[in-house]
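Given as structure tokens, the chain that follows is alone and in the form predicted on its own.
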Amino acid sequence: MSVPVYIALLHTHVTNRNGAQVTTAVTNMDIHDIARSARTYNAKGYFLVTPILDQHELVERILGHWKTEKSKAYHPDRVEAVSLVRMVKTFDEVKAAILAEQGELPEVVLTDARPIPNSMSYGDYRRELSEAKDRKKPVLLVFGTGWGISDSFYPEVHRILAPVYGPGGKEGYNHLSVRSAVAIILDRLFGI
């Protein structure tokens, strides 16, 4: 599949356990683990979206570690993966970056652990992407932190993917880490 794929992890336009819109903190594990999944499935970029400048400074310090010659020598695979990470303040910056690279705005595909009306199955979306031989429109898979993406973000969305369920289905335990969800969803859409 030759569709250009990007990943965005929102730390803004997300909710807390009470449903209030909040901004969440970036975690070190999300930086590395999602970058590694992104690289494994040939994503073009991985955007961390937060308006908090202190978070930008923290992430840049972490990423700076992976830009040293010592890191490049000892952990070349990790360095390659984290090179995909980009810090931005707003979702508009994500779209602008993809437009600049690909020549058109992406199809924004929302993922959520909650069942949302008009969700599409992974099999159906995978089939659609693989059957569109000449498709050039990039795909932007959007993941949320906290307790999910706020309804205020929905006007940005073109597609919604169904939740990832374990063996218990809709009635079973459903609280994956975002890192696990990203890996599962990338594999369902782009794995062999």
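Nothing here was measured: the structure is a model prediction, and the numbers come from that model. All residue numbers refer to positions in the sequence shown, first residue = 1.
In what follows, reference is made to the form predicted together with a small molecule, a form of this protein that is not presented.
Is E107 a contact residue for the small molecule in the predicted bound form, using a 4.5 Å heavy atom cut-off?
Contact check for E107: no, nothing within 4.5 Å of the small molecule in the predicted bound form.
Please check if A181 has a heavy atom lying within 4.5 Å of any heavy atom of the small molecule in the predicted bound form.
Yes, A181 sits close enough to the small molecule in the predicted bound form that at least one of its heavy atoms falls within 4.5 Å.
Find out whether any non-hydrogen atom of I149 is located within 4.5 angstroms of the small molecule in the predicted bound form, and reply yes or no.
Yes - in the predicted bound form, heavy atoms of I149 and the small molecule come within 4.5 Å of each other.
Does any heavy atom of F91 come within 4.5 Å of a heavy atom of the small molecule in the predicted bound form?
No, no contact at 4.5 Å.
Please tell me whether the candidate spot formed by Y6, S37 and Y46 is one where all three residues come within 4.5 Å of the small molecule in the predicted bound form (heavy atoms).
Checked in the predicted bound form: no contact with the small molecule for any of the three.
Counting any heavy atom within 4.5 Å as contact, can you tell me which stretch out of 158-166, 63-71, 50-58, 123-131 lines the small molecule in the predicted bound form?
Contact criterion met by 158-166 only.
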